[in-house]
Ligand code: LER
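Below, in structure tokens: the form predicted on its own, a single chain.
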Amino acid sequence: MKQWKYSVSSADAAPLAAPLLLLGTPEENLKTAARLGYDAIEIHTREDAQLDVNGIRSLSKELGVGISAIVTGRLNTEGHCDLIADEPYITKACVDGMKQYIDLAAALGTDIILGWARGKVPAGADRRRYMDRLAGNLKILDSYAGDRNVRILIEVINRYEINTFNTAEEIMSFLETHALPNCYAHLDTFHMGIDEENPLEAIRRCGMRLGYFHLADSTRKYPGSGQLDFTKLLETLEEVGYEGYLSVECLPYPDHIRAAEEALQFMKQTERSK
């Protein structure tokens, strides 16, 4: 039986509407993750956050709990930056901010997740022009990340939240068209349930270019609370040779810790039942 590695989403603080489970400093969240039995934490933070990198790295090693990824979304939601904005100063600020995230990830021995900060194509605009701009800026970041042994994990997000890369086919076609060797596809079970005709085929489409995988049920609550077939999802991930983390990013109901506990317990049971 394959032993999967599980991570859990974390942040310093977050509203109840955010799919984040462990709240506190990275050090506090590492300790909580270790107590709950997780293999790693996923850190949502700002690019300029003053983190004790050496302390985090030391505690991570001591506890045997890794850092699965650094999430860059706050550069967009708080910093209002993206990679395809019409204003050059905004895209420059985004590229610079992403480089800060890459430096942080390199220091912690992990990767970065690119979601909202890639940007939205304005309604009625020439889509090709904006996607070419995105490709150009990603080439800069891809090279910068590659020099630091960091991967850029581009998350496929549903169409109600963003209008770039809503399906596995879209992200894979983009990656195959452009020379971005350090960029990988990142799938999320909740988003796949909205925009993928067949989530299992979405995993197969990404194949060895699948770099990261988020877990939530159809309800966006913890796995096991909804209708998704996680047995088939695990079987397909194993089929394509995925070796990365399975990271729980779901709504904190009935509460943050209970959701984290229920998610891990359900996934371990699903593993054993295969």
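All values derive from a computational prediction rather than experimental measurement. Residue numbers run from 1 along the displayed sequence.
The form predicted together with the ligand exists for this protein as well; it is not shown, and the discussion that follows is about that form.
Taking 4.5 angstroms as the heavy atom distance cut-off, pick the stretch from 169-177, 184-192, 138-146, 79-87 that is near the ligand in the predicted bound form.
One stretch meets the cut-off, namely 184-192.
Exactly one residue in R205, R46, K31, R220 has a non-hydrogen atom within 4.5 Å of the ligand in the predicted bound form; which is it?
Exactly one listed residue reaches within 4.5 Å, namely R220.
With heavy atoms only and a cut-off of 4.5 Å, decide whether E161 touches the ligand in the predicted bound form.
Although the ligand is absent here, E161 would touch it in the predicted bound form, with heavy atoms inside 4.5 Å.
Using heavy atoms and a 4.5 Å limit, would one call E155 a contact residue for the ligand in the predicted bound form?
Yes - in the predicted bound form, heavy atoms of E155 and the ligand come within 4.5 Å of each other.
When the contact criterion is heavy atoms within 4.5 Å, does Y130 count as touching the ligand in the predicted bound form?
Residue-level check for Y130: no, no contact with the ligand.
Note that the ligand is not shown here; using its position in the predicted bound form, name the residues of 89-116 with a heavy atom within 4.5 Å of it, in sequence order.
Going through 89-116 in order - heavy atoms within 4.5 Å of the ligand in the predicted bound form - there is one hit, W116.
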